[in-house]
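The chain below stands alone, shown as structure tokens; this is the form predicted alone.
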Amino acid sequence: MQFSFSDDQLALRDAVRDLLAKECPPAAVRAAWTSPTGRCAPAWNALTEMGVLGVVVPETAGGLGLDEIDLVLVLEETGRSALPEPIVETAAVVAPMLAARGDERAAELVAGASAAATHALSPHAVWADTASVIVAMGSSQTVVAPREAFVLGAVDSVDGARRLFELEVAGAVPSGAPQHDESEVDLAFDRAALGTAAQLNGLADRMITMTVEYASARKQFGVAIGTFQAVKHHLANARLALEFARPLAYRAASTIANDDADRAVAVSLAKASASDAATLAARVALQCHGAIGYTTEYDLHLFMKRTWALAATWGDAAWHRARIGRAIL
């Protein structure tokens, strides 16, 4: 069994990190809060050119033909930059779903179109107003249709760059829709939860890094506050939680890629741990920054609010722990 990433996987991660550092700095995330779409087109276009949207899509559908183990590192980087784009919904959920169905719209997503997806545990469609295709997964019905087939109702979000919408099918369900397949829905949900967990781990890493830099520069009583034992303990606890959460996400990616029977438990372990690690990192970052951390002018709040939004998306930590409990009892 391979327990480490290959050189190619790490190279793809590094390339995405460099791309996002250039195309999606905090200023671009901040600008998305007040832009018409809430998105960052330069970053999306660059990721499309790199082939990121088709990482887990077969080559026959225009993708790279890789798997979730390759994608998990990429999505962690999108979290680290707080990328305001539907990368999880498009690259991890809808594109592979459509490719498995033989739906030609998978190639359109690989080429740069975007998708939105909803589920009972994640009922609000993110950036649905700019999506070309929307997948609405209900308990007994799955609707896959163009955006025009839905009536969209805007919903407020704690993260101003993360545009949310309630969906209502406009008229009858489009004809020719495949039958509802619970295994397909379960797989899509697990892919979404894993992708969100990876982004939360990236967010946690970014907030810890920002806080270490701040604590190294900010002085009180003539010394850096990072030399105080209490600050060290807070940051060490946050780093420890992240270092436990990361391998769980990588393990969950492996279970999806290899169709492992333990997939559901592995994904729930990853999402619950990532939600806990990121919310702890946000709390520690806010405490260590003090009053400046509360200001919207300071970049930290961009990452904290994305964390709070994603921790509750595709099942919160409590729901995933309950799922693990049901599986082992």
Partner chain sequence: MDLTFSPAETAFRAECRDWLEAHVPRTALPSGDTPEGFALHREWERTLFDARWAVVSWPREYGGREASLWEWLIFEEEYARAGAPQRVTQNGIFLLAPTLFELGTQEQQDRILPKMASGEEAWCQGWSEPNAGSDLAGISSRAIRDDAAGGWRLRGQKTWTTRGAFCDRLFGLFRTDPDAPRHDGLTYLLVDLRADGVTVRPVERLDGDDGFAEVFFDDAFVPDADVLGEVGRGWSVAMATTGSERGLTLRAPGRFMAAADRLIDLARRVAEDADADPQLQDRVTRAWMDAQAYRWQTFWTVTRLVAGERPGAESSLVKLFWSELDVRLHETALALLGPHAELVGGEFAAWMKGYEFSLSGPIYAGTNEIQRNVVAERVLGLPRK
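In this text, all values refer to a predicted model and were calculated from it rather than measured experimentally. Residue numbers count along the first chain shown, from 1.
Beyond the structure shown, there is the form predicted together with its partner chain, which is absent from this document and is the topic of what follows.
Across the options 131 to 139, 189 to 197, 218 to 226, 89 to 97, residues that bring heavy atoms within 4.5 Å of its partner chain in the model of the complex belong to 218 to 226.
Only one of L286, I69, M50, A61 comes within 4.5 Å of its partner chain in the model of the complex through a heavy atom, and that residue is I69. For the options L240, V155, A120, A111, the residue carrying a heavy atom within 4.5 angstroms of its partner chain in the model of the complex is L240. Under a 4.5 angstroms non-hydrogen atom cutoff, its partner chain in the model of the complex has D276 among its neighbouring residues.
Residue contact with its partner chain in the model of the complex: L300 places no heavy atom within 4.5 Å of it. The closest non-hydrogen atom of V126 lies beyond 4.5 Å of its partner chain in the model of the complex. Remark: A46 does not count among the residues lining its partner chain in the model of the complex, judged by a heavy atom distance of 4.5 Å or less. Contact residues in stretch 237 to 273 (any heavy atom within 4.5 Å of its partner chain, taken in the model of the complex) are N237, R239, L240, E243, F244, P247, L248, Y250, R251, S254, V265, L269, A272.
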